[in-house]
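For reference, the chain that follows is the form predicted on its own, supplied as structure tokens.
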Amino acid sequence: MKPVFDKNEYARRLTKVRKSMAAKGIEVLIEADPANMNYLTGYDGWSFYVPQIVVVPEAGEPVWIGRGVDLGGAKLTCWMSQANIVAYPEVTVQHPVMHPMDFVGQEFARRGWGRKRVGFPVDCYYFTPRASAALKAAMPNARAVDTDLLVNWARLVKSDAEIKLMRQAARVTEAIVDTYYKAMLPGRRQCDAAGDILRTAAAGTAKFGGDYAACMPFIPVGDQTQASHLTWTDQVIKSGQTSYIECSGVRYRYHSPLARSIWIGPKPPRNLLETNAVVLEGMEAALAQAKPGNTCGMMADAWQKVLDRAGVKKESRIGYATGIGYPPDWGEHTASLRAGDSTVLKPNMTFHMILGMWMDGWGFESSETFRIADRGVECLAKVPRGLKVIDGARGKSQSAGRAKAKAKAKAKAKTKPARKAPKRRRA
């Protein structure tokens, strides 16, 4: 194994981060979010259930500090010299009295950082109140500064190398959705379909493999679709139900999420077809605003105009920045596609626009992960939008629009109206 990117890529990232550090008066930055740790050092391991951090000083290499048993993984995935890959004592792991941050305080003192202005994680799942208190107690002379998601914001504009990985993740996403369409058949258990989907997510494509996603695939069926974050059960899939999948292929921790909805049976209900039409129209309207110089709020406003005209309500935001992800989610916690968000869109920003319509007893989802291009937008996955009809009884599937067109053509063929003479056109 070796770091995913070359040192020049990491150097560019550090330059961006240090510019923001200087603006906030931060001399030493502490990062505990595994996505940010990966962004700065390349570190990748399922070790975020214990304390671990990356330290960014004003100059020189970052320093990874983690559990002793994870030292080998850090040496394999981080780009820094071994002197800057440090393990705290194993005895401190989940100890009732000692804490790994006691060692971190000692390491700060050893490196001359004990009296610096130190950026502490605040809004971070992985840096607990106990960890924060222990570290501050271990560095009584340091001056704590709120980082305010500094590294998260630095990740907002991707490099071309990052975009390449997100495009590869999209190829895996396409394979996952294709498996979902084939697996969701009446008579099968939801968990059996989930097994097929998870296998595809791990296997990836013939050219490259996949990885675990920050979220499990959401694949509710029937009345479960009224909820936004249900995974699967062992219930049997039946005809006459709707379902959706929200999933993501992953390539070296980079995600490309996608959601699509299906109707299991021969004829979708009218309310589902109407919702499908409104969502598709709204998505096109929002994507038309996805270009450099516009704002996230402008995309949300365009979507809302379509909903207002259709008399449909949706209170939640319609998207967020995405990229590197670790459990429990693949969002970057920065810019959101919602009214009032003044974040200006720039080339190589990437977002997941998730149009989830969760009604009383049923639901519908459709989404796109997209990149802001120089003159417009690039949707990363190439999966047809709109409701897909899975007619399990006949072993066929087709889009709702195609099914409707076929039914109309069939009805027209049966009636066979008499051919009328063409009307004369006025000059």
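Quantities reported herein were computed from a predicted structural model and do not represent experimental measurements. Start at 1 with the first residue shown and count on from there.
FYI, the form predicted in complex with a further copy of the same chain isn't displayed, but the following is about it.
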Would G73 show up as a contact with a further copy of the same chain in the predicted complex if we use heavy atoms at 4.5 Å? yes
So, P57 and a further copy of the same chain: in the predicted complex, are they within 4.5 Å at any heavy atom pair? no
So in the predicted complex, does K238 come within 4.5 Å of a further copy of the same chain, heavy atom to heavy atom? no
H333: touches a further copy of the same chain in the predicted complex, heavy atom cutoff 4.5 angstroms: yes
Checking R199, K164, K267, K305 against a further copy of the same chain in the predicted complex, the residue with a non-hydrogen atom inside 4.5 angstroms turns out to be R199
Candidate from K291, K116, R171, R338 lying within 4.5 Å of a further copy of the same chain in the predicted complex - any heavy atom: R338
Candidate site R67, Y126 and Y212: all three near a further copy of the same chain in the predicted complex by heavy atom within 4.5 Å: yes
Looking at 259 to 267, 325 to 333, 277 to 285, 345 to 353, which stretch has residues with any non-hydrogen atom within 4.5 Å of a further copy of the same chain in the predicted complex? 325 to 333
Only counting heavy atoms and a 4.5 Å limit, does any residue of 213 to 236 reach a further copy of the same chain in the predicted complex, and if so which ones? A214, C215, M216, F218, D223, Q224, Q226, A227, S228, H229, L230, T231, W232, T233, D234, Q235
